[in-house]
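Shown here is one chain on its own, the form predicted alone, set out as structure tokens.
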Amino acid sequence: MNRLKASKLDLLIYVGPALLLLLGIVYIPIVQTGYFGLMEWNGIGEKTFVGLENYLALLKDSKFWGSAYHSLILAVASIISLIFYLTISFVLASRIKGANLLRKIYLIPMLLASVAIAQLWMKIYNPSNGMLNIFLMKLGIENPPAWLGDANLALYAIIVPTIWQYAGFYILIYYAALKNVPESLVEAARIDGASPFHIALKIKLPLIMNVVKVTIVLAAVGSLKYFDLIYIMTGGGPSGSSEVMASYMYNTAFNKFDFGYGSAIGFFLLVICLVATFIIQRLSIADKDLY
């Protein structure tokens, strides 16, 4: 009995500080954000309790649902890009020459700050002297578009650097997972006459499927709350064409000084991310028997 009590005390000593830290920087701010969403508040003066008014207004806010649609497009593009990252990882893990060098090159964007990446791509997209438009003009296109100034193109122009930024991160995860696949299984398949394509599809991919599912959740949730690169490159413009949920929340709270409504948006964004994670996990469980 004394030994059991000592074990619980040890557990409390080791876990307690981390639990308090987690409560202080994660869970208490979440509860506080939900509470501020019940207020009419400019961030400085007196708070006025308005109940669920901000949350009900949010459900009817067309600008918010427009930003949610843009976040959804970004999430779908990020999930589709995982196929590209996985393909590159298969190639890098197949003992090709220069695989180590290529892996380091793919990691470079992940090492750069978002501000640096945004500045780099803003120069590439510059309508008058940007690298992309100069290249298009050399191909004979006389009036290349203003990528970040065109409401029809701005969101899709931002998706490209977003995908490029996280390529190294996902490639590294897939590469490490593929390296853990038992070589004996691969050799046995080769002896049985399986081609490299069939080894990748029928042996390696099922063995790393749990890792793939985790990366799908990371890509989806990360895209739904994505903010920094978009805010730096366009600020959500032009005319809200590249506005995502996080940038809409920021503009509402810090530019319009409506912290009550901004907090409601932030709390609703958290709920959307939790629902998306739950749906993806349920779908993953449904596919579990396939592997």
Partner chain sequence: MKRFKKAHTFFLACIVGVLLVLGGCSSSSSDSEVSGDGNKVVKFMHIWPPGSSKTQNQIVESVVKKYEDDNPDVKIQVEYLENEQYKDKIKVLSSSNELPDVGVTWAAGYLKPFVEGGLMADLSDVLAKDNLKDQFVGGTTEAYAFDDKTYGLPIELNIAPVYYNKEIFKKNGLEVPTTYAEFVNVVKTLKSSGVTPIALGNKEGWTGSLWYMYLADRIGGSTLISEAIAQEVSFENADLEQAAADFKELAELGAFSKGTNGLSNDEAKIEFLNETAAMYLMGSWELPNFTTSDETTQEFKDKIGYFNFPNYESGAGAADSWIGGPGVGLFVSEKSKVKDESKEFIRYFIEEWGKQSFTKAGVIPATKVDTSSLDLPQMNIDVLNDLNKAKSITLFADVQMPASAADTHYNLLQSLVSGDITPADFTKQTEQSLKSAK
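These figures come from a predicted structure and were not determined experimentally. Residue numbers count along the first chain shown, from 1. Throughout, rigid core stands for the largest set of C-alpha atoms superposing within 1.5 Å between the two forms.
Separately, the form predicted together with the partner chain exists; it is not shown, and the next lines address it.
Novice: Just one of 65-73, 218-226, 235-243, 260-268 has heavy atoms within 4.5 Å of the partner chain in the model of the complex; which?
Specialist: One stretch meets the cut-off, namely 235-243.
Novice: Within a 4.5 Å heavy atom cut-off, is L9 in contact with the partner chain in the model of the complex?
Specialist: Heavy-atom contact with the partner chain at 4.5 Å: present for L9.
Novice: Within 4.5 Å, heavy atoms only: does G34 come near the partner chain in the model of the complex?
Specialist: No, G34 sits far enough from the partner chain in the model of the complex that none of its heavy atoms falls within 4.5 Å.
Novice: Answer for G45 alone: is it within 4.5 Å of the partner chain in the model of the complex, judged on heavy atom distances?
Specialist: Yes - in the model of the complex, heavy atoms of G45 and the partner chain come within 4.5 Å of each other.
Novice: Counting only non-hydrogen atoms and a 4.5 angstroms cut-off, does S128 reach the partner chain in the model of the complex?
Specialist: Yes, S128 is a contact residue.
Novice: Between N100, S195, N143, S184, only one gets a heavy atom within 4.5 angstroms of the partner chain in the model of the complex; which residue is that?
Specialist: Comparing distances to the partner chain in the model of the complex, the residue within 4.5 Å is N143.
Novice: Exactly one of I25, I279, I13, L19 has a non-hydrogen atom within 4.5 Å of the partner chain in the model of the complex; which residue is it?
Specialist: If I apply the 4.5 Å criterion carefully, the residue I get is I13.
Novice: Determine the residues of 238-256 with a heavy atom within 4.5 Å of the partner chain in the model of the complex and present them in sequence order; the list may be empty.
Specialist: Those in contact are P238, S239, G240, Y250, F254, N255, K256.
Novice: Aligned on the rigid core, do the two forms place the Cα of V271 2 Å or more apart, comparing between the shown form and the other one?
Specialist: The answer is no, as the C-alpha of V271 shifts between the shown form and the other one by less than 2 Å after core alignment.
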